[in-house]
Ligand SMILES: C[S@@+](CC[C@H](N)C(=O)[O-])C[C@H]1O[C@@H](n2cnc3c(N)ncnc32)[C@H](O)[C@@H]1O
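Only one chain comes next, encoded as structure tokens, the form predicted alone.
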Amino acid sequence: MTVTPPKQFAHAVLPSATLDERAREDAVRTLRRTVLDRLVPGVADAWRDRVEPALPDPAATRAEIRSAMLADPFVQHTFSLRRIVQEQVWDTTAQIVGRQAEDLAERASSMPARAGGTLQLDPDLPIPPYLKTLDVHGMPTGYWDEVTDGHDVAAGAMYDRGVYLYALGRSGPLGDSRGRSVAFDFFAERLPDFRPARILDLGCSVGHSLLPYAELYPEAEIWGIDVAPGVLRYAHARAESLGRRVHFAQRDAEDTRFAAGSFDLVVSHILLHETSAASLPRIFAECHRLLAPGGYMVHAELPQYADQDLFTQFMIDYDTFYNNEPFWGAMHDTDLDRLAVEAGFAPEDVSVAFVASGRTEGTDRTGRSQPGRSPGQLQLTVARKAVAR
């Protein structure tokens, strides 16, 4: 049974769509759902029925599986169509946002700060090369660029409306299912006595995953940082329109410039795979520096490759080659626990936890059919800073 996803919540700065634009969104959504829920599962059939039996020896690496799979016409067709539909998602969203870019910027800049949040921008902050060299997820101009100087919010608006369409609404009306999973399924359920006074979200984008923490910890001082000014302007206006008190700042996760020991909780949600091999250890070291004794670092990602079979690795590795995320596969091969220890956390204070990814219906990322709530998970790298004795 197909579950109709909830409509996106129409907050005050969400780009609106005309009837024609909504019709195109519906068409793209239907095609994307068909590809993901009906064609992608056939890739697993191709592997089982045609590709694996034809291999002279069992595949030893996912690269070998990839080489064999990409020779199959059905796999070629499915992967090509999946990428084409993704480009249609962004083309459709770009038309919606482009038509009203100036109006959205005006709405965001004039949004009353009734919730009490703030916005700090730094025009001199360098944009990391790994973000400037490609359009992440295929989103035109990427996250960091600006259409108009000084008050632009187009990148944030593109991401907000576009990701809802990209995810087929399965991340919830506010796109916050991952943040809610970490905040409520992990912290509220497993650490109910933990009450952080200051929280920092690294790579917060428009605040989808950050705002649930403002709901769970209403008395906390909550910060979200990103390197993209347009995204942050939009995030600030969005949070204020939703009545969530959050402070946003344009800073780099490798060097946040916050005082040492000034946060009780540092989190990220699907950030690590969009960085680089060089930046990853610096981010972990910065998290350790930022935490007060007894504070927690939690990074949420899709599960690492180490405990997954090679075919599942190959399927999830689609993002490395077709989703403009070149560090995806390398990050999912990285020993994140080791990075945490090298950053200064004691080995006994580093652990792994799993929570639901928040998908609501359809198939998981490997193409296996999942009726109802998907068992797809987020893997949390959890580290607690030792308390001084």
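Position 1 is the first residue in the sequence shown; the rest follow in order. The shown structure was predicted, so the numbers you read here are calculated from the model rather than taken from an experiment.
Below, we turn to the form predicted in complex with the named molecule, even though it does not appear here.
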Taking the named molecule in the predicted bound form, would Phe187, Ala220 and Lys385 all count as contacting it (heavy atom within 4.5 Å)? no
Test of understanding: in the predicted bound form, would Asp252 fall inside 4.5 Å of the named molecule by heavy atoms? yes
Is it the case that Val227, even though its partner is missing from this view, gets within 4.5 Å of the named molecule in the predicted bound form, heavy atoms only? yes
Does any part of Thr275 reach within 4.5 Å of the named molecule in the predicted bound form? Heavy atoms only, please. yes
When the contact criterion is heavy atoms within 4.5 Å, does Phe194 count as touching the named molecule in the predicted bound form? no
Want to guess which of 285-293, 81-89, 311-319, 127-135 is within 4.5 Å of the named molecule in the predicted bound form, heavy atoms only? 127-135
Among the candidate residues Phe263, Phe248, Tyr159, Tyr213, which is the single one with a non-hydrogen atom no more than 4.5 Å from the named molecule in the predicted bound form? Tyr159
Sole residue of Gly117, Gly203, Gly169, Pro303 within 4.5 Å of the named molecule in the predicted bound form, by heavy atom: Gly203
Suppose contact means any heavy atom within 4.5 Å; which members of 175-190 contact the named molecule in the predicted bound form? Arg178
